[in-house]
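First comes one chain, alone, set out as structure tokens in the form predicted on its own.
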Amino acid sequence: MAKSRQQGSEWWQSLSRSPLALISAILILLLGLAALFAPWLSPQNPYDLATLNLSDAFQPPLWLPGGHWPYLLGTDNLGRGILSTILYGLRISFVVGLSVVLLAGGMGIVTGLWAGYRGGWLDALLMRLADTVFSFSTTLMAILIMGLLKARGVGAVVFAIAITDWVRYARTARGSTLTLKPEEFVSAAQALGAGSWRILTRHILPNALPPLLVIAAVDFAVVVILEATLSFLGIGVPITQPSLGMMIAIGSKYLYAGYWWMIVFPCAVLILLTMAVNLLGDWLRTELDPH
């Protein structure tokens, strides 16, 4: 307990010495809380189409002529408040990002650990499969899977991205396993009669975890962008579930009509989120580097 508390204190001190990482962590926390409490923070529920009024469409932000409360950032073509839609769209971004990282990370880590530890034909088979998947664009593979599923929604998006995103975790986990397998603590566990699964989970995985955590942090930002891309292309979440990508797709159609707020604000939030996650991932990479 004391060791964990000391390590947490060291991490906090390191984070406080890096202004960019600290600001990024605070920004991610604020955006996460805003998404979590969206039903209480949003002036309007953009999912409830029965409450929308087309007479409120294309309202400018509050500080511009014609703007009025509660549409602080203006409204879109359906009369949905941009602020409310962004808050609910952030929920989809976080849900998809975290779900894909957990699902793809779990698949990739188990595959990489087992392939690296067992070796032989199983290692060759799994790594050739990983190389095949890795040779294709993640975006194109996700589009293909969405087309094969013939379904839209958060679940379909999570599955389509995760099924193509596990490779980087598998390759990293396998490389770490090959490096750690000859170590004396692994040989000692084998001599004591420990099973393969116990050795992998209790001895190899904890030592292989730092690079995997860095990959997960960076991958979260990649997944958020990919979800926005799929929604922008019209094959992600349906229009009844506002996401940042869907907002950008709709806003792009009205940009030259002068309704710039429909695309500028969701783009800004998406850029801030991905930039903050990437900066925090860079700090985490430096912090976990043993050299």
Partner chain sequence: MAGYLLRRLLQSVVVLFSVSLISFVIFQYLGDPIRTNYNPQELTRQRVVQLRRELGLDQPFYLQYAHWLERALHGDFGLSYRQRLPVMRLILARAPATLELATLALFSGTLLGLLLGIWSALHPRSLSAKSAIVTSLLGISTPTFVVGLLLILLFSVSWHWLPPFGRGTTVSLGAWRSGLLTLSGWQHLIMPVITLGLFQVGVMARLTRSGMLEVLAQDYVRTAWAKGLSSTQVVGKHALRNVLIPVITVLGMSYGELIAFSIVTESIFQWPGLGNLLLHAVFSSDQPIVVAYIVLTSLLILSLNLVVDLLYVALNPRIRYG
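This is a predicted model, so every value here is computed, not measured. Positions refer to the first chain, counted from 1.
From this point on, the text means the form predicted together with the partner chain, which you will not see here.
For the three residues Ile28, Arg202 and Val214, a heavy atom within 4.5 Å of the partner chain turns up in the model of the complex in no case.
Between 69 to 77, 141 to 149, 100 to 108, 182 to 190, the stretch whose residues reach within 4.5 angstroms of the partner chain in the model of the complex through a non-hydrogen atom is 141 to 149. Screening Val237, Ala34, Leu52, Ile225 for any heavy atom within 4.5 Å of the partner chain in the model of the complex leaves a single hit, Ile225. Proximity to the partner chain in the model of the complex, taken as a non-hydrogen atom within 4.5 angstroms, holds for one residue of Leu41, Ala57, Val264, Leu62, which is Val264. Within 4.5 Å of any heavy atom of the partner chain in the model of the complex lies no heavy atom of Ala21. The closest non-hydrogen atom of Pro46 lies beyond 4.5 Å of the partner chain in the model of the complex. Contact annotation for Leu15: none of its heavy atoms lies within 4.5 Å of the partner chain in the model of the complex. Proximity of Pro242 to the partner chain in the model of the complex: non-hydrogen atoms within 4.5 Å are absent; the residue sits far from the partner.
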